[in-house]
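One chain comes next, on its own, written as structure tokens: the form predicted on its own.
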């Protein structure tokens, strides 16, 4: 019992603090950022946090679906009710191993619970056919990497306008 309880409580404080340091919880967007590249993921997370969004990250499409309650095992009813209402936006990389951002987009749009959640696809290549394919399948926007703060701010304004 030498201090192991202490480290636990400090962890709790950090998690709690992280969630509540913006008083306006209602207009705080909760974004799910999906990217297999750690550096890209950290960048997106940082930009979103600067724009005072709450961020959850996933390293691939499968993890993202699990988080959203669309995993292969459908005992995720709890996850569904807990997370879906809270995720206001999904930002996903296009090229990822296992499941592309496009496949993730299609899964989200096929789900009756999630199809209203805007999905933004990011890619380092600006290939018109790819962009059009994503937009035709319901993507809110297609953005080119590396993302800049201005991109995130623009996106946020766009979403706020959509919601009001």
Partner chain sequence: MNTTIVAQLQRQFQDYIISLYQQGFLDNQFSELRKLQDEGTPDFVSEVVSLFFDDCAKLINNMSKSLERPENVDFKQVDSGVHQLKGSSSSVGARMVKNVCISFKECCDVQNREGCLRCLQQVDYEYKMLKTKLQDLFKLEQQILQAGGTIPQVDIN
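Here the structure is a predicted model, which is why all the values come from computation and not from measurement. Positions refer to the first chain, counted from 1.
Form predicted together with its partner chain: not shown, discussed below.
- When contacts are judged by a 4.5 Å heavy atom cut-off, residue 47 counts as touching its partner chain in the predicted complex.
- Proximity of residue 42 to its partner chain in the predicted complex: non-hydrogen atoms within 4.5 Å are present.
- Contact between residue 56 and its partner chain in the predicted complex is not found at the 4.5 Å heavy atom cutoff.
- Although the partner is absent from this view, residue 136 stays clear of its partner chain in the predicted complex, with no non-hydrogen atom inside 4.5 angstroms.
- This chain appears without its partner; in the predicted complex, the one residue of 66, 28, 103, 36 with a heavy atom within 4.5 Å of its partner chain is 36.
- Within 4.5 angstroms of its partner chain in the predicted complex, the stretch 132-153 places a non-hydrogen atom from each of 146, 147, 148, 149, taken in sequence order.
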